[in-house]
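There is one chain below, alone, in structure tokens, taken in the form predicted on its own.
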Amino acid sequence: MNSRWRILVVDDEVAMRESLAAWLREDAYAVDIAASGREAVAMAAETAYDIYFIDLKMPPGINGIETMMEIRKRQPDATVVIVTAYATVDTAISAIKEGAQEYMVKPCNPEEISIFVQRVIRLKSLERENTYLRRRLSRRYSFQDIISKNPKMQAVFELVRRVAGQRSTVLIQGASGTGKELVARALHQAGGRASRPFVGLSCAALAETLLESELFGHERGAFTGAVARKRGKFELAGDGTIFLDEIGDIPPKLQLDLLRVLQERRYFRLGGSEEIVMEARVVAATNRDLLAAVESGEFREDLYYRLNVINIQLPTLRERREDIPLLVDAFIGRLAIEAGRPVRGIAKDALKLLLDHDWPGNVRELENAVERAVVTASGDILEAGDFDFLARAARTSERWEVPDGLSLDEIEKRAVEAVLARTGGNIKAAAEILGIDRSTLYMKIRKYEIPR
């Protein structure tokens, strides 16, 4: 029914606004009128109109362009038609440039207006239907902040639901970028700890002494530079959740200390004599094969079994390609708002390109790719050309040849050095290019003694 579509006609000439409103009402639209720009802005603050017909020149007060801009601050998706008796190329260009969808010259042709409104409403109906279907789909396949219809991920959701309310230690394993922290937060939110602290710490980002202080806290004078008592992450987590990321990278001494905490649920601050009870639930994550690390002697077997009470394995994005359209749609919806960009969807050929990509950096790489495309796109639909950087990266990878006589460690060191040089030492940008966590990059910088 046309009556559910609301239109506002804004013109300082009584005859013009009344006749235009009458034409539109004949097509059964709900039409209101305003005699000035100020009145139109006030009415738009109360009612979200679908289409605005606004006269360009309305003395005194604000003109049609200014009226449109004020309305767009409240309703960025509104369709605006600028109407004028003073048609020039400059005014038409100015109106379109400022956001008008159409520019009409008085006297208006009723049939032309009717066809235009029908076209706009068909488009808006499709957009509303698509938005409704996308939201329904997202709700159907979402759990906390994670979206997936993949069977492996659905099994993860079910496991998280079952164990969220328990205190048992959880080990989340998966490649970089698969969403380990999101799953840890889902565990926290889905159980009875949602209102309590969620405290995270990357075990690869800090030197051993700093990591020990971060975990357990310290008393004043415990070491050089300890000028005051500091509470550690275990203490700050209280009876909430402590998330230990990159747990496979903690040094041997801290592995023993952590084992004792998990066994006894008690610990001391560095330099302290007061025993503190550990009430938090421990959730650990790693992109390493911990069982292989146990077999090679790099990771304590007893600690592994203490951490691995409940194990959650996350699939790579290559194993859940059916989620790519859902993820892309969710990323576009969020990132377009954050970046203030008008992007509202993705073309079929662009989506096929994303479906065919290898995604070594998994969901994080996909999100970064969509963000780059949203920020640089020239239109409101992402096209295949907006993702040319993925093809360039793939071609560069295919052409690269391994230098002779280098060990794997030396090759990795050179790759990290090259990317850090290219990004000017920007850790976040370098980690995104390499497809690894920032904490993993810090670990590699320390391992290879790379100057920053």
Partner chain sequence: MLLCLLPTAGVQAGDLAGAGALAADVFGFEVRTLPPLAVPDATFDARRGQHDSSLVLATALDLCPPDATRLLVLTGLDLAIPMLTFVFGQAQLDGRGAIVSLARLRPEFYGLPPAPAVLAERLRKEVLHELGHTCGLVHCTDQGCAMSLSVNIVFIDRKKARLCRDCGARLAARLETMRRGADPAEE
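Basically, rigid core = biggest C-alpha set you can superpose within 1.5 Å across the two forms. Just so you know, these numbers come straight off a predicted model, no measurement behind them. Residue numbers count along the first chain shown, from 1.
There is also a form predicted together with the partner chain; it is not shown, and the following applies to it.
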State yes or no: in the predicted bound form, is some non-hydrogen atom of W23 no more than 4.5 angstroms from a non-hydrogen atom of the partner chain? yes
Can you check whether M16 is within 4.5 Å of the partner chain in the predicted bound form, heavy atom basis? yes
Would E274 sit within 4.5 Å of the partner chain in the predicted bound form, counting heavy atoms only? no
Given that the partner is absent here, does K106 sit within 4.5 Å of the partner chain in the predicted bound form, heavy atoms only? yes
Is it the case that V83, E111 and S114 all touch the partner chain in the predicted bound form, with a non-hydrogen atom of each within 4.5 angstroms? yes
What stretch, of 383-391, 44-52, 410-418, 25-33, brings heavy atoms to within 4.5 Å of the partner chain in the predicted bound form? 25-33
D386: CA shift of at least 2 Å between the shown form and the other one after core fit? no
State yes or no: after fitting on the rigid core, is the Cα displacement of I242 between the shown form and the other one at least 2 Å? no
Core-aligned, does C203 move its Cα 2 Å or more between the shown form and the other one? no
Shorter or longer C-alpha distance for Y52 and V374 in the predicted bound form, given it differs from this form by 3 Å or more? closer
Tell me whether F116 and G379 end up closer or farther apart in the predicted bound form, going by their C-alpha atoms; the shift is 3 Å or more. farther
